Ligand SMILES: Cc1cc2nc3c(=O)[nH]c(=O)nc-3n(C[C@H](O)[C@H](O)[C@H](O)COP(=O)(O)OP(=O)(O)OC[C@H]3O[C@@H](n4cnc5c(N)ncnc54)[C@H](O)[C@@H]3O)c2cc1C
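In the form predicted on its own, a lone chain appears below as structure tokens.
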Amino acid sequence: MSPSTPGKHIAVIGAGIIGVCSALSLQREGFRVTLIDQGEPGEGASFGNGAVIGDEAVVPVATPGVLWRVPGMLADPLGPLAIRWSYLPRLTPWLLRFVAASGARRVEEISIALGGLMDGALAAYTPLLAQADAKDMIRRTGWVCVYESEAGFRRYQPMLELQRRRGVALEVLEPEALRQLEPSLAPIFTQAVLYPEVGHSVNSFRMVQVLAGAFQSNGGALHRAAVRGFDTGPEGPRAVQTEAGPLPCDGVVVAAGAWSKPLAADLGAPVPLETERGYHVQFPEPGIAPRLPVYSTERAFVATPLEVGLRCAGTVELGGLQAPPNWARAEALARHARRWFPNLQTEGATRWMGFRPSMPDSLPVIGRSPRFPNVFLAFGHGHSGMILGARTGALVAALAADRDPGLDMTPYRADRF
């Protein structure tokens, strides 16, 4: 598929950060684009994520020894990584692949592939935000990872070495240096690691909406409807079937996040996609102003200063799309936040739960469908959707235009399992 044919039309399914950036990038490549979602742009995982954007996310979720942590995931429903017992039978095939991806050699391979995606991820937003006249949506403050115990810091040493091998800029800080860097924190941390080349969005939801607005201002169409299927011929889909009727197209991008699995299967790409349920608690008038996001690998959450308050987001709960939220997980985040920030004002706090699309090897699916050349897949980013939105959009646009994307796409293919 190439823009050399005038009027070539691509339908992008999903108006989160991945879909909106893909739509903008395709539009910049010369395609006519329609963005399809039953909700408003940014209402899914983009609404409540940690809003951090950087190059340091080169460590997969499954690392050596994860098999021995599975019983703890089942036993502690409030732990950083938890599994709902009721979902275990359905989750087991994915969990076996997850454990298989945790061997030392495979972790190194995955990290290299993640590093290839992360390279230039923050810079990839520059032209899109410039087009939207919204360069101030990202602050380049760095972020800091804190450790409450020496044991936790020691456990993470292999992952720090993995980051160093990928060329990630980092600096280990002693407690006094951390206090100077972020005086709003309680003196409860034994070690910290500063990542100076990381940025964060001041409002991840508004950023998606601003980018979607730029897409529409440039002639892009936003189609508010649920997708029901496809009118598919020998060469691939000819129309997207929506609840509002068919939408003819020359190509399709599947960027529907946690809801991508059945759509991809219909288009010749069955994938082992699962759902991570992430939580946040947000303090609208926190009474403190951290200068940068603060993260804990021990607690698996980040506290990010936003224009709408302080957001504490994270943890992993494997429980599918249907079960009700376990709001005790959000309350656990609030307890951690009060310990971290002694002067935190908690009045008016809100809570949220959203769905991350997760592959067992922590690598997203980016590329053409193995069956139809006019179908492009862009989902499964797990914790890195906000990081990789613009980067993924640029890769999708290059593939659709039959240009070299500048990256070996083999690790991200849909049929790698």
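This one's a predicted model, so the numbers in the text were calculated from it and none came from an experiment. Heads up: residue numbers just count along the shown sequence, starting at 1.
As for the form predicted together with this ligand, it is not shown, yet the points below apply to it.
In the model of the complex, none of the heavy atoms of residue 361 sits within 4.5 Å of a heavy atom of this ligand. The closest heavy atom approach of residue 314 to this ligand in the model of the complex falls within 4.5 Å. With a 4.5 Å cutoff on heavy atoms, residue 367 does not count as touching this ligand in the model of the complex; it lies far away.
With a 4.5 Å cutoff on heavy atoms, residue 23 does not count as touching this ligand in the model of the complex; it lies far away. With the partner removed from view, the residue among 96, 226, 172, 130 that has a non-hydrogen atom within 4.5 Å of this ligand in the model of the complex turns out to be 226. Screening 23-31, 381-389, 65-73, 367-375 for residues having heavy atoms within 4.5 Å of this ligand in the model of the complex returns a single hit, 381-389. Applying a 4.5 Å heavy atom cutoff to this ligand in the model of the complex picks out 255, 256, 257, 259, 263 from 234-272, in order along the sequence.
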